[in-house]
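Just one chain is shown here, as structure tokens, and it is the form predicted on its own.
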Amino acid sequence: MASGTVNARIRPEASWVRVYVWQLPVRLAHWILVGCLVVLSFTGIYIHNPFIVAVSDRSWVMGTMRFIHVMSGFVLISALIWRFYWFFAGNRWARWDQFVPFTKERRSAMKNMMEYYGFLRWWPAPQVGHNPLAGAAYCAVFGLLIIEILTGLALFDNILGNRVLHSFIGWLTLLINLQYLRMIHFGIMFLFGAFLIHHVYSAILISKEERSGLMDSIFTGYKYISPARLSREGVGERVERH
């Protein structure tokens, strides 16, 4: 009896609707940001502590790593600006209000998710888009990305000596010593690494619990949602099917 109850709880019903949740620009921004952070972390670790030995006097490993690091940084800035644009131009699940729990329902759902991760609740609170706790975590990640970008530009300005860049970011080195900026820039990288581990773990966990196609959705854009959940969010399946 108990087993049957559990299976009924987590198994998607035949009536569940295939909903186009994550638009292509949102998915592209996600994967570009992931790729940039991986490349930036690898090259950043090398810049901090060179671990590749050059075998030729013509090798310029450090210069190559710095070039890749700087170019990846500018790609990351572009992807982040693109994602910020879709906070306003995207569908209802890509918008900024999905990341800040303004409504009573989303605050309640955040509390439910905290209870779930605290082993006080058996099941996660089902959501069409991001659950509110994840949305709040992504806000923190976006904040760290902005800090990482500003400190990185300040460090780059110290080397490049470009007047335009200096007029934009030069104020930061007046507020914070350059060595502290390096430490902040390097330290935040480890926070991204910790977030990545938890993000992958929680995405797999929630995907298995909800059986909504969460892991597939970041590639396809589609999730499977119950009509009742769509109705509670005021969404008609005729409108949201793609």
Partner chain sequence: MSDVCLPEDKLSLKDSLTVRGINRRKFLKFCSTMVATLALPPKYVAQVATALSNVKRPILVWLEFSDCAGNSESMLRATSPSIAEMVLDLLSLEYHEVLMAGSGKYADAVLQRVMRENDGKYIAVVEGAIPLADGGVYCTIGGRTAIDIATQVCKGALATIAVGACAWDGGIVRANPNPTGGVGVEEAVPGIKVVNLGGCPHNPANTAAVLTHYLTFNEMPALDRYSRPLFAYGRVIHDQCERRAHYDAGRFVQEWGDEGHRRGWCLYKMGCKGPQATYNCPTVRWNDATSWPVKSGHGCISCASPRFWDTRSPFYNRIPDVAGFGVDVPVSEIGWALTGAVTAATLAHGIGQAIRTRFRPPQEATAETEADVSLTGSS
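Positions refer to the first chain, counted from 1. Please read these numbers as outputs of a predicted model, since none were measured by experiment.
We do not show the form predicted in complex with the partner chain, though everything after this point is about it.
- In short, of 68-76, 84-92, 151-159, 138-146 it is 151-159 that has heavy atoms within 4.5 Å of the partner chain in the predicted bound form.
- Here is the short version: of Leu28, Met62, Val34, Ile204, the single residue with a heavy atom within 4.5 Å of the partner chain in the predicted bound form is Met62.
- In the predicted bound form, at least one heavy atom of Ser226 sits within 4.5 Å of the partner chain.
- Contact annotation: Ala125 falls within 4.5 Å of the partner chain in the predicted bound form, judged by heavy atom distances.
- Though the partner is left out of this view, His130 does not reach within 4.5 Å of the partner chain in the predicted bound form, counting heavy atoms only.
- Using a 4.5 angstroms limit between non-hydrogen atoms, Glu105 touches the partner chain in the predicted bound form.
- Along 208-226, a non-hydrogen atom within 4.5 Å of the partner chain in the predicted bound form is carried by Glu209, Glu210, Arg211, Ser226, in order along the sequence.
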